[in-house]
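Encoded as structure tokens, the following chain is the form predicted on its own, with no partner shown.
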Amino acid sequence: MNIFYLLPALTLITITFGLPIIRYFWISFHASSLLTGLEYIPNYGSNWLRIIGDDRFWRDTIQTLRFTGVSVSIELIIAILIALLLNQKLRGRGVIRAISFLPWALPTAVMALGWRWIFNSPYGPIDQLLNLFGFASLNILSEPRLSWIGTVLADVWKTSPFISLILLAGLQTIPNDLYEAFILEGGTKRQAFFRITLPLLEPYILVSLLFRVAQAFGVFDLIQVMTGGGPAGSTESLAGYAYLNAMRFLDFGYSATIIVFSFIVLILVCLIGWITISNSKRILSS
């Protein structure tokens, strides 16, 4: 009987998420371009064979995976620290919580414009401060390595509050009696964190990681506004490459192939992450 309570949610997910993926999968096996009059002609998997020899596609895949891994890892560490701080009994705690969540509330495009101005050379505040003390400009958005770091910093600044919000909700479900009993038995606060806090926060950490991995792997607007995928494609993501093929080259079939491939990779990454966390839980419990 309980399965019937899930039907509305399953129906909504199928309509808004499942059907588009099936549609993209079908398009990936058909030629679809404005240059051919949007004729859906079977291409017998030529788009998928094209992926194998597309160096730009594999470069963007590696860059997207690297961006996701680095940004989400940093966000998780920072979010745990923020959640622990906001869970303390501080004066004006409500105001502090509201301010700390402002970055997440800002639209991504607006936030990206702000970071683009911060990293601007030579008029941004970073280069202005460096020039004030006699140092040369960094040209952050013009250097491939620095521009990639800049996009990661911007993503971490915006989305760390989202993870901290989920973790804060988890912290508030942990009874204080557990900590008091643990301390009375001779345990330290550090031991309590690893033996009580982290194990009980695991479901919340897993949920936040799944959300963030999916969002980071599909990053588009942040990079599009800040760098446009440059310089020299050093910050281009898979979503940006799919957008480029669809909107500039009008190759909707290949763009759909990239989207379906990204979806498959994302599912694999989430499964690997879930298995890793499950194994870590067994090690900690033992």
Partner chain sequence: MNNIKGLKTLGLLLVTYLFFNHIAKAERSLNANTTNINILMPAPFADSTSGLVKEFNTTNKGNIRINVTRGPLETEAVSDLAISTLLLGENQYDILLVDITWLAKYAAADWLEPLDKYIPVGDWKRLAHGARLGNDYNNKIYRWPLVSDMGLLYWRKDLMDSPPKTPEELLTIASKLKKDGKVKYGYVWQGRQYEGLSCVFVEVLAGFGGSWLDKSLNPNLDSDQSIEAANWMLSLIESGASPKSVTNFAETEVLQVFEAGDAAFMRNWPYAWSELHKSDSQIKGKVGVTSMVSILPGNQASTLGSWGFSILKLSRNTKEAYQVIRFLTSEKAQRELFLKNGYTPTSRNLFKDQLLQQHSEILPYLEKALSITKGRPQTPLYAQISNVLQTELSSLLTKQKSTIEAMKSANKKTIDILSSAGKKK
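Numbering follows the first chain given and starts at 1. Note that the structure is a prediction, hence the values are computed from the model and not measured.
Heads up, the form predicted together with the partner chain isn't pictured, but that's what we're talking about next.
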Thinking of the partner chain in the model of the complex, which stretch from 69 to 77, 112 to 120, 148 to 156, 182 to 190 has heavy atoms inside 4.5 Å of it?
112 to 120
The one residue among Tyr243, Phe57, Phe261, Phe29 placing a heavy atom within 4.5 Å of the partner chain in the model of the complex is Tyr243
Is there a heavy atom of Ile62 lying 4.5 Å or less from a heavy atom of the partner chain in the model of the complex?
no
My question is simply whether Ser237 lines the interface with the partner chain in the model of the complex - judged by any non-hydrogen atom within 4.5 Å.
no
Residue-level contact is defined here as any heavy atom of the residue lying within 4.5 Å of the partner chain in the model of the complex; does Leu250 satisfy this criterion?
yes
Is there a non-hydrogen atom of Ala232 within 4.5 angstroms of a non-hydrogen atom of the partner chain in the model of the complex?
yes
Can you tell me which residues in 213 to 232 come within 4.5 angstroms of the partner chain in the model of the complex, by heavy atoms?
Gln224, Val225, Met226, Thr227, Gly228, Gly229, Gly230, Pro231, Ala232
